[in-house]
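We give structure tokens for two forms of one protein chain below, kept apart as structure 1 and structure 2.
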Structure 1
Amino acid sequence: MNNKLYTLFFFLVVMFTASIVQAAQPIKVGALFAVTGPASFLGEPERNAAQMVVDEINRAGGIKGRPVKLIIYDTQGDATRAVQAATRLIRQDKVTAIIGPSTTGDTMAIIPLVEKARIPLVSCAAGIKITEPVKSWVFKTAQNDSLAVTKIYEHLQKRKINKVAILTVSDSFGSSGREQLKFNASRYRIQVISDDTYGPKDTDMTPQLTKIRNSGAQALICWGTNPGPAIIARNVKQLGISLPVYMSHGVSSKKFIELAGDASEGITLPSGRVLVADLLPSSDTQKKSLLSFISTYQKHFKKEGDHFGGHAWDAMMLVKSAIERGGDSPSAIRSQLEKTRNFAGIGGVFTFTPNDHSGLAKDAFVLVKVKGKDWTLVR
């Protein structure tokens, strides 16, 4: 009798634990970021933000009671490694969706893989060719460079400036910016009368700026990521150039002001709203997400969250809400992602459609200006 009871009890316990295991089967999401290497300024905050979102989701009980397991690989900004890591995520780890990679090069390299394996990919890179033409399994969260260029050109048009000098860094970020600056200029009746570049490791840009000073340009647009633009800001001050200076969203963090010091005063640049979250009117749809992102990031990493981390936050949250609505099969996630409407994230308000997998309009950017060593909103 006793024996039978024990057996029954044992059986129940086994059943019970098995059902817990069944329920707690984690949802596996893959992540590819350039955590080290030349693009680590993107990959590191992205990895932090993605891990942070997943920790917060799991702490709150997971998605529909199931925990999320984030499997992160470092691509080092190298397309070959990105392909290897993506293959591993798909074949061995059997993930249900992938977020990242950080750079356009890495993303373009793995697109054929995810398309073939039919796994949804939400990239954190900005390149316009990722979602144009539309690929059915590929989405992205970073704003197109062309949106940033448009924002600057509209402002120039308002100030009746039509001759600009551009100074771009000779890496993929700079050359994409240069392409967009030249491509969009004629639409705003702007003439690029001086077109120069500098190397990502250059330490003195006075030769290029001396040339620009004498070119008759009415404004200078510089496209790069730290530290180049900070050196340019200082060189501009050294040469006494009084042209209005515009920079790209590549330097939209406090770090730029810290590096350029006084020379950053008066520089205008397009940026995601995360930089000026506390200055936004409370009617702004993104304000709630932005403040929660900033305070959570501050809590986890004792650092200010930037818009690069925001790309990963958006990617993970988009995947999460897709799973909540349609379940965790890759094809369900894909079709739910495509049905995302007015999702207020960090990079902007996302609305995906079958013809638009980048989901953002030009209001994803605001123009900010450095004043008194802090950012102010340009209206």
Structure 2
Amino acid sequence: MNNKLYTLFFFLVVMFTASIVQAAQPIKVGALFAVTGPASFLGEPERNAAQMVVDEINRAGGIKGRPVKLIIYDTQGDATRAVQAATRLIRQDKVTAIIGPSTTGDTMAIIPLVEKARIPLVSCAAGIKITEPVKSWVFKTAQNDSLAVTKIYEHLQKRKINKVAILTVSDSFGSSGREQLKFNASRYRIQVISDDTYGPKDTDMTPQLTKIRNSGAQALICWGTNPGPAIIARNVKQLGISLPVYMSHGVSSKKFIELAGDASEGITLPSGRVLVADLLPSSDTQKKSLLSFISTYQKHFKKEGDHFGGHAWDAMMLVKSAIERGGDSPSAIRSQLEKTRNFAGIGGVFTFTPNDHSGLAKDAFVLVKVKGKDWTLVR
């Protein structure tokens, strides 16, 4: 009889515990990505990577026994939509943190909202103005464009190239890159002898490139996100321009090679290590995370994980780590994000401080080059 009572008691305890776990309130995290529209090559892999991380967290039992609910809205790369979606995440969905958006323009548009609402934001965009000057509630995972400029200029110095032409897209990302290219040029004794722009929807840049061909420039630096840079690469080849061409980290994925085709051959750009993870030495502190990310993404989506998906992986993992250390309230997440030290992610090794909410140094980038329709490491 006692054994039967013990068995019944044990059964009731198990059922009660299971009901508590099942009833655990989810931790709600918002996500804003340009899943469709011109910037979908950024937003789609970011959406995929963020959901992949959350699915794995929940399969492992959640965070402190609570599941994570990821609420994703598509901004389509439009700042107005981003503001509307962020407002909904804050007021209706009551999220405890937001990751994304994909673009600098979308991010800058929602910063006043998250600052006023005191909701931590971990952006996946690159513009330096997102975190400089520091905003209390805003962090980012994409490497600053200033670091990308440094990587390119250091390489130009090694090649004894000191006269460049720059061709930048006329949006927030391009304007920030143009500003950094011009601001840092004198530090590296580089002259910007041609400075031109193109529109995000332009489909032919031969007029600007014809001008650059006659400028006396020794190299061309293009700053933008697809499809514009791929069009420029094709136009360069069509015009027979033989200058070395550098692109920004805004095109560091296989998508650029697909869009540019044979015209991508030889183009150099700064990128996170994920594009060349298999070529890294075993001593690289990021290699383990990179290879895990690549294999898991391949398993889920039957394609390679890229630089952009990595930004969302980092954002979600940083939020997860902050919650584990300090709790799931917005203020606790913000506090613990700022205390993050030596987090080996996909975009680099992050160390945030009260004075630095971007968390990365120039070693977050490597230089990569297109060779045989694939990325190779420039050593």
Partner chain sequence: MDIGSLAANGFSWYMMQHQSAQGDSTSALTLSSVKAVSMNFSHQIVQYLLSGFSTGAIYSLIGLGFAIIYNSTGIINFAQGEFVMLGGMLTYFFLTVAGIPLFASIILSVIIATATGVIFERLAIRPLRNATPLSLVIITIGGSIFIRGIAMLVWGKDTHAIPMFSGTEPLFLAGATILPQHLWIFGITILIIVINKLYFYYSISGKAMRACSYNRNAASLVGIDVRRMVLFSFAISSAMGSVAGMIAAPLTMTSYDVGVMLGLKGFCAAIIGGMSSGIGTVLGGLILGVLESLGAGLLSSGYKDAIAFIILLLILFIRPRGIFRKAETERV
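Under this definition, the rigid core comprises the largest set of C-alpha atoms superposing within 1.5 Å between the forms. Since the model is a prediction, treat every value here as computed from it, not as a measurement. Residue numbering: sequential along structure 1, first residue numbered 1.
Of the two forms shown, the one predicted on its own is structure 2, not structure 1. If you fit the rigid core between structures 1 and 2, you'll see the Cα of residue 303 move by less than 2 angstroms. With the core held fixed, the Cα of residue 127 is displaced between structures 1 and 2 by less than 2 Å. Put the two forms on the same core and the Cα of residue 241 is off by 2 Å or more between structures 1 and 2. Here the two forms are laid over each other by their core, and the C-alpha of residue 256 is off by 3.7 Å between structures 1 and 2.
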